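For reference, the chain that follows is the form predicted alone, supplied as structure tokens.
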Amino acid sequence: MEYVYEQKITTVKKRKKPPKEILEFIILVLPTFLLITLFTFFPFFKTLYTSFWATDFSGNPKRFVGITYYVELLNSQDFINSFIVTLKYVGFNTIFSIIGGLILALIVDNSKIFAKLFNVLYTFPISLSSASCAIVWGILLNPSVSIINYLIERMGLGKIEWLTDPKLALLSIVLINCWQNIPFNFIFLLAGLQNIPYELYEVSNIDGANFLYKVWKIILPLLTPTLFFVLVINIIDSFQQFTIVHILTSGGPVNSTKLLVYSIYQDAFFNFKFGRACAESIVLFVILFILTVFQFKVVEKKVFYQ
């Protein structure tokens, strides 16, 4: 019987799909394949190709230079500074955004009244574009007309140069981006909290567990799939920050907010070094790729799936 059964399985596996099914498959997949090839694979391979060439002012390859730009980047103090600034920005922005989103989600999840009102208020910044946020915060942090500085001065703490002090500029950019990112994390973390079985809370209440114990022993372990998701998204998003830096500081003061993406923009469209800018883009891609693989291979092992 076992032999006959295996033969039937082999027969089923070897059954060829009819041409009609193959044609339907090609028709359904082909548009997506063409779009991904056109807007993802082609720009990537074009960038990789250009990174080995010296270009003219229009970005056309003129002279093959091999890995010269990559070697330059490794020895460039400006690039190393941008890399360090980007790591600081990604670290602070990711940590503060996730912790802020988690705190708001816990408040709303435990709030019996005004939960819907809090939902609307907390998610309001998502409706604004990054450019609008940058302009609004540029006014709020302006040393001359800022209401925040006015209140700080009234408390006798003196004027703070939020965007022109090299020690504070990066922190101010992190603050603005967190204001926009926290609602995004809040939505996902609140959904994760609401999927935790209520019976677990009831059992912990019977055992006399306090709120912090519930957070540490129940909420955080069961929330790890959502936390892992927002961690990956926040890190990738932080590495791609451009708009707020471009509008508010242009990489200054003294290159204290010059992130990698802004460095790529300056090399390409101010210095017209398209080959070097493409090399920086490839380096950024490699960094993101390694970090993402690390997260899925190492960090995901700590995730608890129900």
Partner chain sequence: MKKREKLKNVQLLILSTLIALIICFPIFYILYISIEPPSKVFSYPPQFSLSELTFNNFVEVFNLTPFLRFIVNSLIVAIISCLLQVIFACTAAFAFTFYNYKVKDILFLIVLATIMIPAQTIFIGNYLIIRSLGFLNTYIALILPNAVSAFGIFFIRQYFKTIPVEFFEAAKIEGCSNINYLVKILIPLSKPAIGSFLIYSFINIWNQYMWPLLVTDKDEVRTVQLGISMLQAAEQQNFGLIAAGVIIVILPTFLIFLLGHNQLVKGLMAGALKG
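Keep in mind that what you see is a predicted model, and the values were worked out from it rather than measured. Heads up, when I say rigid core I mean the largest set of C-alphas that superpose within 1.5 Å between the two forms. Numbering follows the first chain given and starts at 1.
Beyond the structure shown, there is the form predicted in complex with the partner chain, which is absent from this document and is the topic of what follows.
Undergrad: Whether Tyr70, Thr164 and Leu220 jointly form a contact site for the partner chain in the model of the complex is the question; each needs a heavy atom within 4.5 Å.
TA: Not a single residue of the candidate spot has a heavy atom within 4.5 Å of the partner chain in the model of the complex.
Undergrad: Could you confirm whether Lys62 comes within 4.5 Å of the partner chain in the model of the complex, counting heavy atoms only?
TA: Lys62: no contact with the partner chain in the model of the complex.
Undergrad: Is Ile95 near the partner chain? Define near as a heavy atom within 4.5 Å, in the model of the complex.
TA: No, Ile95 stays farther than 4.5 Å from the partner chain in the model of the complex.
Undergrad: Find out whether any non-hydrogen atom of Trp179 is located within 4.5 angstroms of the partner chain in the model of the complex, and reply yes or no.
TA: Taking the distances in the model of the complex, the answer for Trp179 is yes, it comes within 4.5 Å of the partner chain.
Undergrad: Does Pro43 make contact with the partner chain in the model of the complex, using a 4.5 Å heavy atom cut-off?
TA: It does: once the partner chain is placed as it appears in the model of the complex, Pro43 has a heavy atom within 4.5 Å of it.
Undergrad: I need to confirm a contact call. Of Ile126, Ile80, Val215, Leu171, which residue comes within 4.5 Å of the partner chain in the model of the complex, counting heavy atoms only?
TA: Among Ile126, Ile80, Val215, Leu171, a heavy atom within 4.5 Å of the partner chain in the model of the complex occurs only for Ile126.
Undergrad: Any residue of 27-48 with a heavy atom within 4.5 Å of the partner chain in the model of the complex counts; write them all down in order.
TA: The stretch touches the partner through Leu28, Val29, Pro31, Thr32, Phe33, Leu35, Ile36, Leu38, Phe39, Thr40, Phe41, Phe42, Pro43, Phe44, Lys46, Thr47.
Undergrad: How about Val29 - superposed on the rigid core, does its CA move between this form and the one not shown by 2 Å or more?
TA: Yes, the C-alpha position differs by at least 2 Å between this form and the one not shown.
Undergrad: Does superposing the core leave Ile139 with a CA shift of 2 Å or more between this form and the one not shown?
TA: No, Ile139 moves less than 2 Å.
Undergrad: When the rigid core is used for the superposition, does Met155 move between this form and the one not shown (threshold: C-alpha shift of 2 Å or more)?
TA: Yes, its C-alpha moves 2 Å or more.
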